[in-house]
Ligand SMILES: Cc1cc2nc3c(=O)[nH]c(=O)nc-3n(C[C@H](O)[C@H](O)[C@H](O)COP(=O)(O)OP(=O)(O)OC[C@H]3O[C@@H](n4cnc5c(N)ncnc54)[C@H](O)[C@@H]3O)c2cc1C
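So this first bit is one chain, no partners, the form predicted alone, shown in structure tokens.
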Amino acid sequence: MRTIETDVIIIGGGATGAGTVRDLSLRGIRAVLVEKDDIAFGTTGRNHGLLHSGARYAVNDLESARECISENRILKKIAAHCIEDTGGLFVTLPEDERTYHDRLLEGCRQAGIKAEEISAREAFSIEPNLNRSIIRAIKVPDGTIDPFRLAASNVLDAVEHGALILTHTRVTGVIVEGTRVAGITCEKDPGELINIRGRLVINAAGVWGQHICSLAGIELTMYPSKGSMVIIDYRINGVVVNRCRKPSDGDIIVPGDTVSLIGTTSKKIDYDKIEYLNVDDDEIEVLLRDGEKLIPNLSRTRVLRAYCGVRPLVDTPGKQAGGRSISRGIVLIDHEERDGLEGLLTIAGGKLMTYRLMAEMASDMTCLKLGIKAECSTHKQPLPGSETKISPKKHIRAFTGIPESVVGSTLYRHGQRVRNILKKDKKNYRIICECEMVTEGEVEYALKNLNVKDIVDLRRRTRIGMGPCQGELCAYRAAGLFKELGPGNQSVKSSQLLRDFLEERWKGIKPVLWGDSLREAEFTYWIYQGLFGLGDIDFTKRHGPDEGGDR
């Protein structure tokens, strides 16, 4: 068994875990992050990508509202390449409670959120596709943020400051010596056993944190609340559109890159179901029905896919079963103080918007426990890609000869790191994914620098396969590049990676198979089965070195 010695072990590669390993690394503290799948695999990668202004919480949760607007301002400075500052609207429909509008304005005033009441006519000029029946509107500083890009940038910065990242590595046990946690045992695909010892373990596993605590012999009760969303095949709105009413299902439409997302539901589920999530038909129905009330054009679109995540909420006795009544507040637990078990912290609750604040809180507590004097700098230190203000025109001029659309898309996803990606070699900027304008050079950069194991990981780094065709015309090209460029992947058959990726895409497509979506799925099946015969390949057989072999 391989043994690793470090100062701090972080369990969980979501935004909070990624932010924590970055924070600690910037403070000069040795850290190892362990994630059972890929970065942003769990709840972080299954939300609607809203850069909260905090207005949604201003009526009932002022503390969360204040946290959101504070982090909103910080992230716009340090993570500019992950953010689109679209702005947002809260709109009141004729059937909505009229007083909620005024309560929202007052809550925003108390929370320090710049909220401005505007006329319906002005709202239509900001978002032309709005329902013409709206009677009141409020303008707020909402935006959009790419959670995959955000988490990957935090991890990249941590690695560049000395951290070790172990993805696709499952925690199998917590090492407890007397009344102290001394480390963890884990298994890295495909079967390597690793023993990691450290002075402190931070449980940042989100809803899976309950399981991690059970491995240490202590109890932490999570409240699994499932939230489902649907993705529309093109961008039907330019700004975030919120329903101005008490939080409910289908009350927000978020523009994200080339598509729009409708969110979100809230359903309590049993803890043993968190690994086996499905979007229910009634959830899709209510999201589309209520989304159409905000933007009527929705009725003429194609639904690309449906997906869901689990909110990492810490259970509080006496709360209602719906899940919306539980605070999205941050929970930091010192298990020495609570359970008499030294060397273990849990950071949970919160939301994507407050990931950096949660990481700062966990890192401050770490320094206190370890007797280290080191200040947080993540609120002012830009993430890789946002080191300086991004100037699209300047960068497009610097890459004369490369199509502007390619430069713009790569710059949008990677910011200043575009200099490390694009070259004036035509092979480098050959298009692999037309929907998202992903180039061969960008794929190569991700494979060599961003801890990518398979095509599903690559999707989270580059958005390959996330556009209208859902990987139909780019997945096989990406599989070929893995065979050609992928470090450590020479022994993995590219067709196996391709099949795994298509199966993963199918999970989100299956719940919305009707109309054009069904026709598109049939076409994809014809390409990969009828033309390529992918389903006829026997992956259990051994192959020679030229064919890559299997796992």
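Residue numbers run from 1 along the displayed sequence. Treat the numbers as computed from the prediction; the structure is a model and nothing was measured.
Not on display, but discussed next: the form predicted in complex with this ligand.
Shown here without its partner, the chain carries T44, G206 and E522, all of which come within 4.5 Å of this ligand in the model of the complex through at least one heavy atom. With the partner removed from view, the residue among A55, L502, V32, L50 that has a non-hydrogen atom within 4.5 Å of this ligand in the model of the complex turns out to be L50. Just one of V279, I232, L352, V174 comes within 4.5 Å of this ligand in the model of the complex, counting any heavy atom, and that one is L352. Within this chain, V21 is remote from the site of this ligand in the model of the complex, having no heavy atom within 4.5 Å. In the model of the complex, I9 stays away from this ligand, with no heavy atom inside 4.5 Å.
Among residues of the shown chain, K424 is not one whose heavy atoms approach this ligand to within 4.5 Å in the model of the complex.
Of the heavy atoms in G465, none are within 4.5 Å of this ligand in the model of the complex. The candidate stretches are 59-67, 22-30, 35-43, 505-513, and the one lying within 4.5 Å of this ligand in the model of the complex by heavy atoms is 35-43. Contact residues in stretch 264-300 (any heavy atom within 4.5 Å of this ligand, taken in the model of the complex) are limited to T264.
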